[in-house]
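Listed next as structure tokens is one chain, alone, in the form predicted alone.
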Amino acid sequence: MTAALALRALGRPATVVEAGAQDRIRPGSRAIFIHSASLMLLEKIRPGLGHELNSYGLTWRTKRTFYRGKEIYHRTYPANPEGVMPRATSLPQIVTERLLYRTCMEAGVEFIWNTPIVSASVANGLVTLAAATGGSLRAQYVIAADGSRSPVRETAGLRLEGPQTSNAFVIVDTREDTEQPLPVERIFHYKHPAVDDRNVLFVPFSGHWRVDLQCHPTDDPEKFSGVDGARTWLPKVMPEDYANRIAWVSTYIFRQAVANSFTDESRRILLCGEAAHVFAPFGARGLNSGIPDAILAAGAIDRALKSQSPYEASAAIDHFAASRRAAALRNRAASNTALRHLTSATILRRTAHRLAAMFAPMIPAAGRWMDSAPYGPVLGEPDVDGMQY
């Protein structure tokens, strides 16, 4: 939908082809964290959209980090000036999708529902998408944003490359107690003593809490998963009533993979989002890199259609593919850093954690490192298009 809005902002027609039904219910909260950079990008292609998304979200200003139950870092950010985008806002993805869909309809985007795409092929400058329903669609350019199992990517001869992690993570969303709400703080526990030294992350978002439990390598994640499994450990780390407010539970073993190319040999198919890359969620690098993927893909297509030669058209697409793949590789490297830190697989790293936690009360930099390391390094250098993610 972001790609379609970006195309409409450039005056181009756009059609979203969706496998599911228009009225289907999407499970869970999924991607809940939208960075300020993403809000500003959405605001640029559709004035008012970024601010509206922010109005539905929740912004936490305080973060705390604990080691074996003892607080080792605490920071509260200043309040955001009126009318200025916050550092980030947190809301359920279903709300983000609803607002994007409404905006797409206002912008004149066409939607085709109940049409799973099973393959893509290119001939004579046109992409043909074959649907499971038996029909087909044709276009000069296709932006494949059809997820990590993308049939468009696979049949276009492209592939995701990268390893899968060994540690499982259980993610629980539970509704806030509106009568006795918890403080709006992001809290991270290294080795939470109430759950046998497993790491636990708490992130508030509008009306809910996201709780991530990192399983030990020897754990059977099924014991901690599902509503019944979550109820065995959630009351140990939150007020007991939150176990009766569970809205969604999911278990993940993350893959750290990037497509070998973000465009096919014909330069007619462009990959975005999880069709192009999948990361562990630490640092919220998935959705927040998918948004610039989509906007830059639309810009590349616009330049290609305006070009004076096939060479110029291909160069525009190649520029998109190279810059966004470089961004994805940086995101994967940052996410890998976070995963190595969280899994603490070596004695050296476990020793570093213990020493940093010990000295954090006296050396603030040690506490800052413990707080920031699980999310990977800050990506301070923008890519060639001026976008960090």
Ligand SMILES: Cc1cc2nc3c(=O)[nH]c(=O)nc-3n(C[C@H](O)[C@H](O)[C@H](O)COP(=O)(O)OP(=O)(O)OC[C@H]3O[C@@H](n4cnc5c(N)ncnc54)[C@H](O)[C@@H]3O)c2cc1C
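Model, not experiment: these values are computed from the prediction. Residue positions are given as counts along the sequence shown, with the first one as 1.
This protein has a second form, the form predicted together with the named molecule, left out of what is shown; the following refers to that one.
Listed residues 163, 135, 217, 116 were compared with the named molecule in the predicted complex; 116 is the one with a heavy atom within 4.5 Å. Comment: the named molecule is not present in this chain, but in the predicted complex one of 44, 68, 350, 26 has a heavy atom within 4.5 Å of it, namely 26. Residue contact with the named molecule in the predicted complex: residue 18 places a heavy atom within 4.5 Å of it.
Taking non-hydrogen atoms only, residue 171 approaches the named molecule to within 4.5 angstroms in the predicted complex. Taking the partner from elsewhere, residue 189 is found to have every heavy atom lying beyond 4.5 Å of the named molecule in the predicted complex. Proximity of residue 313 to the named molecule in the predicted complex: non-hydrogen atoms within 4.5 Å are absent; the residue sits far from the partner. Note on the interface: of 227 to 235, 271 to 279, 102 to 110, 73 to 81, the segment with non-hydrogen atoms within 4.5 angstroms of the named molecule in the predicted complex is 271 to 279. By the 4.5 Å heavy atom rule, the three marked residues 145, 284 and 288 all count as contacting the named molecule in the predicted complex.
Residues from 234 to 262 that approach the named molecule in the predicted complex with a non-hydrogen atom closer than or equal to 4.5 Å are 248, 252, in the order they occur in the chain.
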